[in-house]
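Here we start with a single chain on its own, the form predicted alone, put down as structure tokens.
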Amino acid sequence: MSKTIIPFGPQHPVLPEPIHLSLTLEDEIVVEALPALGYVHRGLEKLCEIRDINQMIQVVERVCGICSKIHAQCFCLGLEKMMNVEPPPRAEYLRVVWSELHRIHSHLLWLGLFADSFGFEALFYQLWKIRERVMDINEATAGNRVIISVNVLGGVRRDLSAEQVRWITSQLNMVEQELKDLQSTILDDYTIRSRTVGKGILTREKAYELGAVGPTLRGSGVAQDCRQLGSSALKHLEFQPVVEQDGDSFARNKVRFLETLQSISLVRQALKGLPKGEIKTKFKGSPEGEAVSRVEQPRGELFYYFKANGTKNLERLRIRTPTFANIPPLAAMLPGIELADVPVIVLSIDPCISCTER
């Protein structure tokens, strides 16, 4: 049987990301998938040599807009560790609030795009309509809808009033109810199940061996989530990773849907337990030495490496984003599936290529 090699991407009508795959086909069946990275290079890591550590918070937020808050938090946590700076308890709780709001709107964005990938336009519109409530919360509390720039070294730059806390809680109640109204559609609809169940299977052993992270890993039965490390105020909140066992596209879809509801619960817990006090710790000095920082992005583990020499500029900054870790598992999922299922399976890892290539 003859083989055909076709390009998938770097632009595709289903995917908003410039991912490129060389697919080897026998008839309509994929027998090999080779990813190619490198289309979107912005040199953000190199900027640490000419931008000081406070300016770099704004830079790392531009690595990925959708999870910008969590990039900034990972950066701040690493430097705070190097300089022995401990943010006030109120700041740690506020960091959780805005981080989980970012996780909610990222997952809602993905759920909508996933529905769109197999032509479910009505569901796409419904999910993005719900997401608008979360974006409104960001805008009302931080002044912007996506890149909110609330993290600073030693804490956060904005506070929440008692009135804002009540309003956020009421908005999240509506988000939760609207999501639950769609639950049977997202998890039980024939169209969704026929396009996702049994498609793009990643076994537990393969997920662990290939270094998958985030919902891609937890959808294959591995209960691993960096929020278990208890950074910020997470150590005071009730949290267990959402895990599914089947390892297919539907399992990854279900993990993200349930994590959205879980993040609403975490925001509620953080707002309810929000302690009084300052929102920023004053400090002096510059970082020196080496450190690493790990947090859980919506797509999975985010890893930062720092090398500092006691000046206001870092000597080296290295970022490993979750999509970079999930590309090898994706290449393992595709062989044996039909060409028509490739866009859905690729989207099931929630790829962020600009984030990966920086």
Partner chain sequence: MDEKTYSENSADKPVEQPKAVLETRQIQAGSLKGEILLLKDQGYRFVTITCVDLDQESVDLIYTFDRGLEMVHLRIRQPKAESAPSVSDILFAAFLVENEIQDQFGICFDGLVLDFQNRLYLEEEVARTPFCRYNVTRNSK
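If you're wondering where the values come from, they're calculated on a predicted model, not measured in any experiment. Numbering follows the first chain given and starts at 1.
Another form, the form predicted in complex with the partner chain, is not on view; read the next lines as being about it.
You can rule out all but one of 282 to 290, 88 to 96, 243 to 251, 256 to 264: in the predicted complex, only 282 to 290 has residues with a heavy atom within 4.5 Å of the partner chain.
Contact check at 4.5 Å (heavy atoms) against the partner chain in the predicted complex: none of T4, S117 and S220 pass.
Proximity of V30 to the partner chain in the predicted complex falls outside the 4.5 Å heavy atom cutoff. Looking at A207, you'd find a heavy atom of it within 4.5 angstroms of the partner chain in the predicted complex.
Residue contact check for L77: none of its heavy atoms lie within 4.5 Å of the partner chain in the predicted complex. Looking at I70, you'd find every heavy atom of it more than 4.5 angstroms from the partner chain in the predicted complex.
Scanning 289 to 316 for heavy atoms within 4.5 Å of the partner chain in the predicted complex gives G289, E290, A291, V292, R294, E301, F303, Y305, K307, K312, E315, R316 in sequence order.
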